[in-house]
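Only one chain is given next, in structure tokens, and it is the form predicted on its own.
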Amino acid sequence: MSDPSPAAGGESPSSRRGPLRTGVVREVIGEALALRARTTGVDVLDVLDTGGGSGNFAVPVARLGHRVTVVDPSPDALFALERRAAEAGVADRVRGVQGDINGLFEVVEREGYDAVLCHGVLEYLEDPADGLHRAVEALRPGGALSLLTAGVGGAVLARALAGHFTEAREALVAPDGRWGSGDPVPRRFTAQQLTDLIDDAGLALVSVHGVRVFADLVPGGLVDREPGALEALLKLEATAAVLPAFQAVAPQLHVLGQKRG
């Protein structure tokens, strides 16, 4: 993780809050990999992380004992990945390759992976369906795809709570979920849009989760000061993540699919 090192005598606040942003997704990925290992009888799986950057998910997956290939267009991110993997003691299980999902098979092989992570990628593609199909092509039959994207509802809620009501309405009604020309995110999705994409790509839907439902709303000081607050908030996030009502207002949406065949 890229959080600051813990201060003497305990963890830093940012490192303690890290699980709020990624905990649900990491748990789902871990369970999917464990199931794949049991089903295939293979302990060490091959995992592809498209747009994996500095290894926020790749390094934890490697810690589980799996081989991870990270494809990312940024040399700086890949350098940070190499350093993070070395610090975590998993450098021999993490490989960084410069590239992107549009030219994916120029750098990796088709049907070469037991799981593909496609996190924060579809938002930036002109044709999300085409990008998703490429990710699916990299999967072996029965493999798992982890898809994480920006959610429309979270943006609407955030703009409204900030007092930007016109922008909130624009994000709500715009086909791409953007709140205006200054929006840094090119596209956002609803859970229904993602499940439709998953189905069209030939995947069986396994699960849908809302991510960071409360984490971005609760004051950090409250989590850091109150004994047991972090653990209680983690449990709340996990419980809310599977409920459609909370998925509808989540800043991020996570979908897990399985390749048929």
Ligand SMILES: C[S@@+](CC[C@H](N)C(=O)[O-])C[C@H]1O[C@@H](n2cnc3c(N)ncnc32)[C@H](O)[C@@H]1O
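It should be emphasised that the depicted structure is a prediction, and the values quoted were computed from it without experimental measurement. Position 1 is the first residue in the sequence shown; the rest follow in order.
Only in words, not in the display: the form predicted together with this ligand, which the text now covers.
- Three-residue candidate spot 129, 177 and 190; no residue lies within 4.5 angstroms of this ligand in the predicted bound form by any non-hydrogen atom.
- In the predicted bound form, this ligand lies farther than 4.5 Å from every heavy atom of residue 156.
- Residue 150 falls outside the set of residues with a heavy atom inside 4.5 Å of this ligand in the predicted bound form.
- Within 4.5 Å of any heavy atom of this ligand in the predicted bound form lies no heavy atom of residue 135.
- Taking non-hydrogen atoms only, residue 125 approaches this ligand to within 4.5 angstroms in the predicted bound form.
- Stretch 50-58 is the answer when you ask which of 27-35, 230-238, 50-58, 198-206 has residues with heavy atoms within 4.5 Å of this ligand in the predicted bound form.
- This chain is displayed alone, yet in the predicted bound form one of 112, 142, 120, 186 has a heavy atom within 4.5 Å of this ligand; that residue is 120.
- Contacts between 205-231 and this ligand, taken as any heavy atom within 4.5 Å in the predicted bound form, involve no residue at all.
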